[in-house]
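Shown next as structure tokens: one chain only, the form predicted on its own.
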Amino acid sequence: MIKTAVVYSNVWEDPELNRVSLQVKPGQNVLSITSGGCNSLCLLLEDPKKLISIDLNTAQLAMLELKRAAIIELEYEDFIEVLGTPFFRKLSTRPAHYRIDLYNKIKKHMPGYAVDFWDQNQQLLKDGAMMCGKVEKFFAIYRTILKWLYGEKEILKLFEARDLAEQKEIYKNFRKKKWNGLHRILLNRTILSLVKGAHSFAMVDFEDFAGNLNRKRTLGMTRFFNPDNYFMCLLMLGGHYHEKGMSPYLLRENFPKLKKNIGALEIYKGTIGDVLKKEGPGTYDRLNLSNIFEWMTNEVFNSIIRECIELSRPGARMAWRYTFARPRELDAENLSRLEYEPELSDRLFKQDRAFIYESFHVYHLK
């Protein structure tokens, strides 16, 4: 029995930043942190020869196994259905048990541990696997309270503007006092540690989480048009606003390529060091490192970067993020091997539709 829980059923990171920063070329080998599996599947659209998606949380791997099996076996409509892909004000016409029927159809493509997990958690499938993570359930509580404070009609004004200029004006005049108060009560170290785990904030050196997230909320509301930004829609509405406003791996037009490339995906439980032992040095061209360094000391960070460098081929590219913590500092040895790309990093960070991150970093092997 798998005792771990799904923390993220979605990846709350903008896949466009990974696509532009990593510049995956057809035939290359890619390593990607799994989390909810979204970024790994988006990178699969770039035609890599091999993509290994790694994680230490077996439940996160089971989440990606579900998505992988659905891509292999199903046509697009049922792929969207079995994941419980949510759309705002557009409920599925299928009964909840239809997702169990689809799961029983695809489980033959899943390893035993993943079948065990979903067999034990079929209610998650009925309710919609795409919003079953601890983070997604926390956001559901957040939405419920926000709707109670303001009413749905008031919240929807932020999504019904004709363009970004009108949306910015609506947000500017929005009565934020109660919203900020909710952030003070709900978005603090204690409660966020219960959701994500205390280790996630071990290296965060401030306590004003509410103030930090108020600032990032303003960036999200004033830089990106809400109906097209699926991160804001999932957070605030609990569903996608329209079918074009979804992660690339969920888009209808990308499904044929995803199905064609799914054989390149390997799902692996382990660390970067484990992959190095398994595959050997100089085997990967691109590394999506998500925000794995968030909780690490400089010493641990530099140790893992050394493993990344050893695992990489000449010219390899890698990228990572920080959510709240200050960036770790590369030591002299790693600085001598890696070249930072500050202009690209800064430009992409300003284009980040996920808007909750503190920084984004792009490097290539000298």
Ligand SMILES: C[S@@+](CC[C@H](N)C(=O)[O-])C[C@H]1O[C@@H](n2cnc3c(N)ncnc32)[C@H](O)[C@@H]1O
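Not measured: the values here are computed from a predicted model. Each residue number is its position in the shown sequence, starting from 1.
Heads up, the form predicted in complex with this ligand isn't pictured, but that's what we're talking about next.
Per the 4.5 Å heavy atom criterion, this ligand in the predicted complex is contacted by stretch 289-297, the sole one of 96-104, 249-257, 289-297, 211-219. This ligand is not drawn, but in the predicted complex it has a heavy atom within 4.5 Å of L56. Not displayed here, this ligand is approached by Y8 to within 4.5 Å at the level of heavy atoms in the predicted complex. In the predicted complex, no heavy atom of F349 sits within 4.5 Å of this ligand. Within 4.5 Å of some heavy atom of this ligand in the predicted complex lies at least one heavy atom of G270. Proximity to this ligand in the predicted complex, taken as a non-hydrogen atom within 4.5 angstroms, holds for one residue of A319, L51, I33, A69, which is I33. Shown here without this ligand, the chain has only Q60 in 59-95 lying with a heavy atom within 4.5 Å of that partner in the predicted complex.
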